[in-house]
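A single chain comes next, written as structure tokens; it is the form predicted on its own.
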Amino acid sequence: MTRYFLRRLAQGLLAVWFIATATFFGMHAVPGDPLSSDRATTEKIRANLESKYGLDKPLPAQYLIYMGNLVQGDFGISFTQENRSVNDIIRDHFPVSATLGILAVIFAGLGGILWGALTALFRNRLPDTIIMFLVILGISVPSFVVAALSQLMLVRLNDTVGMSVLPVGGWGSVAHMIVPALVLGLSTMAYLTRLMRSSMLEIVNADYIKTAHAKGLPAGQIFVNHQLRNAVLPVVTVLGPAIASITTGGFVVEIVFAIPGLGRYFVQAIQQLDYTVIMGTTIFYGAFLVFMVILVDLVYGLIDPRVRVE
């Protein structure tokens, strides 16, 4: 297992290097001057920034300078936010995105497993039909539409009750997290529900399930120990990338609900062509996704005893 972990770690580092390289050259292929913002107000400031990032040197030299800083954990300084580094932006705002993402993952994972198991148990009956209809809606409707409708419903609810039952936007308390987390995890929960349903239906007629019934084991024990445990494996496989995707991909939700997460600053950086923030957050997101994939590979063997890595 140690050799496998080290090999996967080396592959992960290679993937992060590729992400960083592609991001660097991709950003330098974008038309425009990265120092055209108000920050470079004088020729002296512009010269200092060009010297720090090697912008006055050929592109290969700039790449070596950037990768050298990256190895030391330095993502650079924002071109648009005065006296603020990319590391500070990530450190201050990623915990907000991570908190929201963890709540959304819990909602999506538990809901997906529960609804998927129920649809399999009540196959082709009314509960199955209703849940699958809602699943199709959850997958089809874009998150910004769900977020806007959720805010509208909150406004109507608060007006009807005459008090603020749940905040419409902002951040700071558990009440602020509930609706954004539900909205963020909705599409993932719908996808996991379909995946869990398919996996459960494949296992129902498996030989070991028939053997368990023939031995006279209780139906609840068969469901929990044999059906549910084996059916959840495909869900675990996609849960790692889903965690990274939810945790780092709540851009729209953070903007709609005015949440000061990292995704919101990433969108602002794109609008303002803040090159260092765009590159730094992209590489950070990519590295986080790679880490989650490696973690799932390791956890997979713990959940299924049949999986062993030589």
Partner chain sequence: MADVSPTLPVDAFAPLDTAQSAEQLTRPSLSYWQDAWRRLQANKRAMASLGIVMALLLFTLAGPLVWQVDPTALDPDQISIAPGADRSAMVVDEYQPWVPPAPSRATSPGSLNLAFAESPTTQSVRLVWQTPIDTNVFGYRIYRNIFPVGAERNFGLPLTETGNPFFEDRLDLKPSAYYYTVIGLNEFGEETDLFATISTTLVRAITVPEARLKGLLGTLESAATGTELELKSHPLGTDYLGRDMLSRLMYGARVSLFIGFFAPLLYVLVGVIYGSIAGFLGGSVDQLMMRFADFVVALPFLLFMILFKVVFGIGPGESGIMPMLIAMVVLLWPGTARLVRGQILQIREEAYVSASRLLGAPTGYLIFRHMVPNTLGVILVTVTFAVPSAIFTEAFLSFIGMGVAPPTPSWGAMCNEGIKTMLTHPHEIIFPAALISITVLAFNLLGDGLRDALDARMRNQD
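Positions refer to the first chain, counted from 1. None of the values given here were measured: they were computed from a predicted structure.
If you look for the form predicted together with its partner chain, you will not find it shown, but the lines that follow are about it.
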With the partner left out of view, is residue 65 within 4.5 angstroms of its partner chain in the model of the complex by any non-hydrogen atom?
-> no
Indicate whether residue 243 is a 4.5 Å heavy atom neighbour of its partner chain in the model of the complex.
-> no
Give a yes or no for residue 55: in the model of the complex, does one of its heavy atoms lie within 4.5 Å of a heavy atom belonging to its partner chain?
-> no
Considering only heavy atoms, tell me if residue 70 and its partner chain come within 4.5 Å of each other in the model of the complex.
-> no
Residue among 236, 139, 131, 90 with a heavy atom within 4.5 Å of its partner chain in the model of the complex | 139
Can you name the residues of 144-163 that have a heavy atom within 4.5 Å of its partner chain in the model of the complex?
-> 144, 145, 148, 149, 152, 156
